[in-house]
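The chain that follows stands alone, in the form predicted alone, written as structure tokens.
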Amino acid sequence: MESIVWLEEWLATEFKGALLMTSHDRDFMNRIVSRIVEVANKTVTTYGGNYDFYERERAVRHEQLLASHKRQQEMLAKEEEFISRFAARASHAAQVQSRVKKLEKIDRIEIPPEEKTVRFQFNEPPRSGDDVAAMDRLGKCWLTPDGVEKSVFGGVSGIIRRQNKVAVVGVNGAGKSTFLKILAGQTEPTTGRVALGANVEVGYFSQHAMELLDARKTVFETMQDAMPLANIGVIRNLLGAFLFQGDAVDKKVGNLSGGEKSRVVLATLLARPVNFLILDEPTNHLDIRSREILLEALQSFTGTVVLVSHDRHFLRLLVDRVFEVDHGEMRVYEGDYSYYLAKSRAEAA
């Protein structure tokens, strides 16, 4: 994230050339761009403004298009009714012919197909104890290739409480992913311990999880394996919520893009009865629409979430606590992501 902010600052203040880019980072685009070029429905449309302006303007233009389409349909219906009514009358032949020619020349307003998003009601996860994870003097060291012990972090103590939504932040290499692996039981701490609370069921997502998918299976078969007791309709609804609709459910996993594989793993994870989600960069590879779908799912999730993400918009709208890993220590901020930014800037000053 620090690298993204650095690039943002440099482009905004130092770079004097023109810039053309694709990006899935809303905050980055809102800060940097002054025009949006949308490629959709076989058309290229330009909007003046940043990404937030584009979203608002696109909605306004869509409403205007719907209104124009409705007026045109009403006009066409009247003309066609006149033609149908008087087509057989010789006295009206000239008028009928004139209106037929008029209709032939009219450019018909077409409504582009709606982007379908199926809303899926996730099953209520089982209730965990109030203390989901207790950390006591937690530390982790790795051995370097030359046999030297390198401390990643140490002395971490604290409690993750039920329904917390926690962001873990820090520079690259600070130990964020290692911390999540220890929480998920994927690696052992070097010192201290983590104790999970009563009835805690962990669901863990990492980029490595995408490599564990069976490339020979279809998207539908993969989801069926995760939900063996669910009927076809339930599985299709869940896949639809993650943008796998129609024939897309029959794609082989081996033929999917990185973003599609991420969505498959996230769908299988959210389909299971877990109440403690540990997510290591779940927004990587996802486009903006997929990120919005995941954000909505996590906002309505009644369990506990701990995640690492480089998407500031995502974190701002989701988390209520922030753990910052810095120089082998962990600082806890008892507030949302905006609170964390304000406090950390004040501390730096």
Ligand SMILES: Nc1ncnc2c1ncn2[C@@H]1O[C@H](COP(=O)(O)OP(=O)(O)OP(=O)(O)O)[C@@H](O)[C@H]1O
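Numbering starts at 1 and follows the sequence shown. Since the structure is predicted, the reported quantities are computational estimates derived from the model, not experimental observations.
Another form, the form predicted in complex with this ligand, is not on view; read the next lines as being about it.
Using 4.5 Å between non-hydrogen atoms, is residue 291 touching this ligand in the predicted complex?
Contact with this ligand, no.
Would you check, heavy atoms only and a 4.5 Å threshold, whether residue 142 touches this ligand in the predicted complex?
Contact with this ligand, yes.
Does this ligand get within 4.5 angstroms of any non-hydrogen atom of residue 177 in the predicted complex?
Yes, residue 177 sits close enough to this ligand in the predicted complex that at least one of its heavy atoms falls within 4.5 Å.
Do residue 108 and this ligand share at least one heavy atom pair within 4.5 Å in the predicted complex?
Outside the cut-off, so no.
Could you tell me if all three of 152, 172 and 281 have a heavy atom no more than 4.5 Å from this ligand in the predicted complex?
Affirmative, all three are within 4.5 Å.
Only one of 310, 313, 285, 321 comes within 4.5 Å of this ligand in the predicted complex by heavy atoms, so just point that one out.
Only one option qualifies, and that one is 310.
Quick one: of 123, 190, 207, 186, which gets a non-hydrogen atom within 4.5 angstroms of this ligand in the predicted complex?
Contact residue from the list: 207.
I need the one stretch from 177 to 185, 92 to 100, 193 to 201, 131 to 139 whose residues put non-hydrogen atoms within 4.5 angstroms of this ligand in the predicted complex.
Result for this chain: 177 to 185.
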